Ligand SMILES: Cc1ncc(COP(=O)(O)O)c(C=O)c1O
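Next up: just one chain, as structure tokens, the form predicted alone.
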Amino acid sequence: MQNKFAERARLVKSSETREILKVTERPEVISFAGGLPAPELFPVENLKNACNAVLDEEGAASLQYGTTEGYIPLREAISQRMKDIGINSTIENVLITSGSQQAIDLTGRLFINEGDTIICESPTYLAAINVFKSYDAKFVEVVMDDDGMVMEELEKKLQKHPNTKFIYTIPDFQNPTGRTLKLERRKRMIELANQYDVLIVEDNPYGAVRFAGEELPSETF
């Protein structure tokens, strides 16, 4: 029956992320391999209260099928948050997903054709690489220093790979290095993306988790 699978299935390998998470199930191991939040800090009671309030006030609606784009009041709240950080957004620009990994997968499905080149930081987020591999993308890495991706090296790679589809970047507290791309380089990346007609896919799960320093604008500014 193996020959019945879609061609893309041959590209799907065992997930390194899954193997990392397996270790966390062993109580004798304190693993630093995955970015797991401290479970004792989960606001369990607050979440219980929120779920109960939703079921009490909007029970039938909350359990019914909804539109693909997601719950409108939530999309409005996200759109407003985007505006607060300088991104001009409307709810038509907002799609609710079940998590960041689904959003990354949808990005790959939408943009990547077989053989497309993706430029990324070196190193970068492992689970995103696994997703993009499943769409048969090719990867070109750009070195980093303490201020993030080096723009001179990025331009060299764009010149060498004219079929680049997009630049995948984690500009704030990058995974796995923790580095933040400085403002001048963010502006330069936008200039290069416009010059070479490539997209920027900005993955920003940590931008709001800042305890010190100045908040930097998104690369969509």
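Here the structure is a predicted model, which is why all the values come from computation and not from measurement. Numbers follow the displayed sequence, beginning with 1.
Heads up, the form predicted in complex with the named molecule isn't pictured, but that's what we're talking about next.
- The closest non-hydrogen atom of T90 lies beyond 4.5 Å of the named molecule in the predicted bound form.
- Using a 4.5 Å cutoff between non-hydrogen atoms, I167 does not count as a contact of the named molecule in the predicted bound form.
- Shown alone here, S122 lies farther than 4.5 Å from the named molecule in the predicted bound form, counting heavy atoms only.
- Among residues of the shown chain, S100 is one whose heavy atoms approach the named molecule to within 4.5 Å in the predicted bound form.
- Heavy atoms within 4.5 Å of the named molecule in the predicted bound form are found in exactly one of 22-30, 167-175, 61-69, 152-160, that being 167-175.
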